Ligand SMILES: Cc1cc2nc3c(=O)[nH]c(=O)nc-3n(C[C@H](O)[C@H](O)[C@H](O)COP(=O)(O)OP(=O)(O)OC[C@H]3O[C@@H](n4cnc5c(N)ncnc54)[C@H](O)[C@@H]3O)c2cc1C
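First comes one chain, alone, set out as structure tokens in the form predicted alone.
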Amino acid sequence: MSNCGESKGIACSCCGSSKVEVEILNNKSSKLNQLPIAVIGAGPVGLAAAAHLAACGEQFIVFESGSSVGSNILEWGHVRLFSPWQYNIDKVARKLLNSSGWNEPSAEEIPTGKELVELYLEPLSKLPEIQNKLYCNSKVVSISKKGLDKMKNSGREKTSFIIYVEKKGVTERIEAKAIIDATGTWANPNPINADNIWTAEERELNQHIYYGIPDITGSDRERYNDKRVAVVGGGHSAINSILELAQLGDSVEIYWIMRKQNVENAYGGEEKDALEARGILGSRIHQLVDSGQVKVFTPFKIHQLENQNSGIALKGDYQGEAFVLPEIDEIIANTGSRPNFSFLREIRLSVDPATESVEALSPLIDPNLHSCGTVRPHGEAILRQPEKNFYIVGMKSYGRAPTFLMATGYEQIRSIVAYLSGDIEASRIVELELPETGVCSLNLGAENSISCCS
């Protein structure tokens, strides 16, 4: 008689499982390994994942909700990054592109968002190793474990992921052995409400609110000409918007609304900044404020919007007193963004309650302690989730923290793909070369605008 009870599936005393159960698990594991790794999002980090997976000979599939790669970036395509090309191109992606005869941009030049897509992401997506595995207009609406809800433990790590993907109104179910979520945060802006709460009034007035960086001197020019415009936010994106509004001349009234205690906090190091371009940014906005061309309201905490006959009224607390700023025609919201976890409700996640970043990553990126240049390299071990072989990477891994750099995301990908490919030692070695001051975002005018490098 067998000790493990082959015929009846009696539990083995040494492992607690029957031989039948062990065979089933081994069979499931074999089938699981034959499935592809799914990448969600075809921006810089998502396509870097595709490049690394292709180089490792892994089966993979990439889903992009937009009509093209880099679709979120194209929304600020007129904006120029802080970082030059040398920090914007993944090393493995570069090797694949160079082998195809790609004309690499000059390392020291600083691209616009549109150039980033057209000169790098599009050629990368058209490589034969990637092209047939990339699906645009494919929105991931939910992810689960095959046949298991979030509470089920038994056999969970040996069970494939099921991805629900909407394509042209039809929902498909796709199996995968691992998932890399590189969906970013750009499509989920924060409200202008000082308590970070979406109100019915703000949603109703969204036809007069632009969330992001409009093409003020280009396609959106008429929207802001001869208008009273409020720019809400105290970071580089807000400064970008103001510098472009100023180019429209005196016909535009510019109101800068911030929660900072004083406007000087937004200027940065100016001529003392180790990054000259960032210093120029601070100096130019300083000059505009001093000239009176930009009217500053800070600290101004917006609590309510009201649609009046003369325009939008912004109601809230200004310097500790109740205040109403009336007759605003247009609002540009540069208040940051947040990750979308709605399609991950059936996935076991570890998310920091404050930053909404990957929980183990939060102490390394907390914007109260770090700038983008002081974030240390990190890889698979930091980014792994309780759900085995599920990873959140790129800007989304940082949650609401604005300290992300593309180069950091590329190192995340290198480490994760090494781990998924079985090279555990390589996954543990994380290295990243960045200037000590970081490479974040900027605006130098119509031809030299700026954005975060995510």
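A residue's number is simply how far along the shown sequence it sits, counting from 1. Note that this is a predicted model, so its numbers are computed, not measured.
Below: the form predicted together with the ligand, not depicted.
A.B. asks: Specify the contacting stretch among 217-225, 67-75, 191-199, 320-328, defined as having any heavy atom within 4.5 Å of the ligand in the model of the complex.
C.D. replies: It is 67-75 that comes within 4.5 Å of the partner.
A.B. asks: Within 4.5 Å of the ligand in the model of the complex, heavy atoms considered, which of 51, 405, 416, 37?
C.D. replies: Contact residue from the list: 405.
A.B. asks: Tell me, which of 365, 79, 178, 92 has a heavy atom within 4.5 angstroms of the ligand in the model of the complex?
C.D. replies: Going through each option in turn, the one that passes is 79.
A.B. asks: Given that the partner is absent here, does residue 213 sit within 4.5 Å of the ligand in the model of the complex, heavy atoms only?
C.D. replies: Residue 213 belongs to the contact set for the ligand.
A.B. asks: Is it the case that residue 358, even though its partner is missing from this view, gets within 4.5 Å of the ligand in the model of the complex, heavy atoms only?
C.D. replies: Contact check for residue 358: no, nothing within 4.5 Å of the ligand in the model of the complex.
A.B. asks: Although the ligand is absent from this view, report whether residue 399 comes within 4.5 Å of it in the model of the complex, heavy atoms only.
C.D. replies: Answer no; every heavy atom of residue 399 is more than 4.5 Å from the ligand in the model of the complex.
A.B. asks: Spell out, yes or no, whether the shortest heavy atom distance between residue 233 and the ligand in the model of the complex is within 4.5 Å.
C.D. replies: No - in the model of the complex, heavy atoms of residue 233 and the ligand never come within 4.5 Å of each other.
A.B. asks: May I ask you to list the residues of 220-251 that have any heavy atom within 4.5 angstroms of the ligand in the model of the complex, in sequence order?
C.D. replies: Result: 237 alone.
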